[in-house]
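There is one chain below, alone, in structure tokens, taken in the form predicted on its own.
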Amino acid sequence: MFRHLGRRAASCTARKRTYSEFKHGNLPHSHSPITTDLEFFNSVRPDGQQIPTYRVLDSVGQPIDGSTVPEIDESFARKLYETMMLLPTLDTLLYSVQRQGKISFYHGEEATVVGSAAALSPTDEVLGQYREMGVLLWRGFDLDSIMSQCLGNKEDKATKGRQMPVHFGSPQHHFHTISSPLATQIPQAAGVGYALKRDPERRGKDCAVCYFGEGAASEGDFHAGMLLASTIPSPTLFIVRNNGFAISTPSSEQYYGDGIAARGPGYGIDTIRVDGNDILAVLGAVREARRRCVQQGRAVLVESMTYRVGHHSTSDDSFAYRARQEVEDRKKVDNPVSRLRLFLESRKWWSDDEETELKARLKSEILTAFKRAENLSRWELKELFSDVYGGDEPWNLREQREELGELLKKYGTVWEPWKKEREKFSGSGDEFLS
């Protein structure tokens, strides 16, 4: 009997079913058709194939047959390219600075972030992970602000030097401060989206945008956030960067199913998979995803398929778990920067001379911003305890401040390491010595 049922199930899954074949109506209070076939399924596609990946440009920057190039003009396209070029130039400098011990931690990424940022409204609320500096740059966050946060000086207005490098925040740019623990921003974004939906002035205008990697999607917070955003529902746009590695774990060891996009339909969420190294595909996909998100007031999931060329962070040596040649091959075959440049050149929107000028200008501007930020002092030491809690200061924070004052009085003027450290702060911590 079970052998017979097994053969019957296999024969059912071997062909595409149509709803006209179901003759027994639907399950009560449901759209699920009733069937007498014992049929298992393991795909979100009716034909059993993997979820397709949306692409506009081929590997040499030409629109592929049948594709639709998003509506862009020359000025917009040039801004896309210049922002993309700025990111790796920043990466190179800050990576070197971290290796010199001047900052503690750094890492970055490209086309997915810039392409999606360009598709958003500047007032959409962004909750990022670690690699979304491109969103801030697109929105006008300048190099001085980037360097101030990474070095923790007195111009780091959002975090006052109390956050790790690249843990940006900017209320002015609607960019929520990044947290170190993975995936905490995912349920938070669902809540932000719900708050926007309840706000009469922003309902139907803005959405919450949540960035995370495929490794973060292995956390329980991912499922909590997706469930919350899909059932309330809330206008929350989830953008997952599937770059093949969660630190040192390849995606083949992170999940057995068809990537992260396969999970969207399970939560009743509109979903698309896009080529994350094709900035025009990302731009078009996220524009449409955002439109659905805002107009329907519901969550949308975008899985961006990319590849992490750089190391996960400055504390990581990726060549310990992947071949160097693999990385070099991906740089040549599927390079997002060169694909966009070739597209611009084909439209006479870019030239070799402009490329040379841009590289020199970006390098000069970045070095100037770094040198300026490096020479600025930190916030006053007392700011260590400000803006931690709203309302009255709790007893534990008051005790910590008093304890620091006692230690500074004891060691701050006589022990050389403490004397040198005090000099880095505005006022040298004198407010604790009086």
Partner chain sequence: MSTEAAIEPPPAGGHVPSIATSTLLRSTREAALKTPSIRWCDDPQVGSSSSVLVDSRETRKMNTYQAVRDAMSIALNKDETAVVFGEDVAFGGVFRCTMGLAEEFGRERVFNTPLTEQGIAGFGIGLAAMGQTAIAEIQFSDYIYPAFDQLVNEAAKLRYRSGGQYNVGGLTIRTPTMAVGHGGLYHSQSPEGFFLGAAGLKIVIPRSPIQAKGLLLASIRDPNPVIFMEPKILYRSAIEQVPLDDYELPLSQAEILTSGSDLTILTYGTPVYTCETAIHHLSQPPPSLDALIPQSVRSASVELIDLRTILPWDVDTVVKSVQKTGRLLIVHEAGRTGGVAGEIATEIQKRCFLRLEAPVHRVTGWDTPVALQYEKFYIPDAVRVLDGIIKALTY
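Since this is a predicted model, take the numbers as computed values, not measurements. Residue numbers count along the first chain shown, from 1.
Here the subject shifts to the form predicted together with the partner chain, a form of this protein not shown in this document.
From the list 151-159, 280-288, 255-263, 84-92, the contact stretch for the partner chain in the predicted complex under a 4.5 Å heavy atom rule is 151-159. Interface residue among K79, R347, R198, R361, judged by heavy atoms within 4.5 Å of the partner chain in the predicted complex: R198. Residue L227 is the only one of A246, L227, L143, I269 with a heavy atom lying within 4.5 Å of the partner chain in the predicted complex. Not one of P70, R341 and E365 places a heavy atom within 4.5 Å of the partner chain in the predicted complex. The partner chain in the predicted complex is not approached by F40, whose heavy atoms all lie more than 4.5 angstroms from it.
In the predicted complex, the partner chain lies within 4.5 Å of some heavy atom of S386. Although the partner is absent here, G48 is not a contact residue: none of its heavy atoms lies within 4.5 angstroms of the partner chain in the predicted complex. Contact check for H176: a heavy atom falls within 4.5 Å of the partner chain in the predicted complex. Along 118-142, a single residue, E125, places a heavy atom within 4.5 Å of the partner chain in the predicted complex.
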